[in-house]
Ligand code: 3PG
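Given next, in structure tokens, is a single chain: the form predicted alone.
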């Protein structure tokens, strides 16, 4: 059986190259233009937009139409949400839990998906549906970097994208782990930052995170 990654490698490969995955919640689609410029200016043209607001799909569509930002959809909980997000232009999906419904839809449509997993059982369920990379969420509530370090030996063929409770301060300890593909977080730009137009500050945060991750970029 082909894995999702084999069917559509490019988006996950780009995320792995940058080793960072900003998680953004946008309330006003008109903000995505300057937001995209902040991330591009900071050297990180990859973002995950959560499906938590009415503006999410339009925001994904606007970013996708630019052509210079890799945009994915987060907080995808159903096949219908997956279909809508991909239809809007999302090139990868991220789920908060290991949803078989979403995994099967993504596999059938050749769309990369990173399912949320905490336990080894959830990781193995994701692998059975073709996922070699999973989201470790919420990372800080389930042992953080220490848990991922413990997973390295029994789960050597699995890559993790830890998210949840990670900050710029704790970013290095996750980036140091060999089984971490990328680190996700919302500290780059909060909804309030985006709402208030703090794009210069956002770009500076992006630039600092990219500098931390850059030694691992290949």
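Positions refer to the first chain, counted from 1. Bear in mind that the values here come from a model prediction, so they are computed numbers and not experimental data.
The following text describes the form predicted together with the ligand, which does not appear among the structures shown.
Scanning 23, 16, 194, 210 against the ligand in the predicted bound form with a 4.5 Å heavy atom cut-off leaves one residue, 23. When you look in the predicted bound form, the only residue of 159, 61, 43, 185 with a non-hydrogen atom within 4.5 Å of the ligand is 185.
The ligand in the predicted bound form comes within 4.5 Å of a heavy atom belonging to residue 165.
Under a 4.5 angstroms non-hydrogen atom cutoff, the ligand in the predicted bound form lacks residue 92 among its neighbouring residues. By the criterion of a heavy atom within 4.5 Å, residue 149 is excluded from the residues contacting the ligand in the predicted bound form. In the predicted bound form, residue 66 stays away from the ligand, with no heavy atom inside 4.5 Å. You can rule out all but one of 117 to 125, 132 to 140, 101 to 109, 83 to 91: in the predicted bound form, only 132 to 140 has residues with a heavy atom within 4.5 Å of the ligand.
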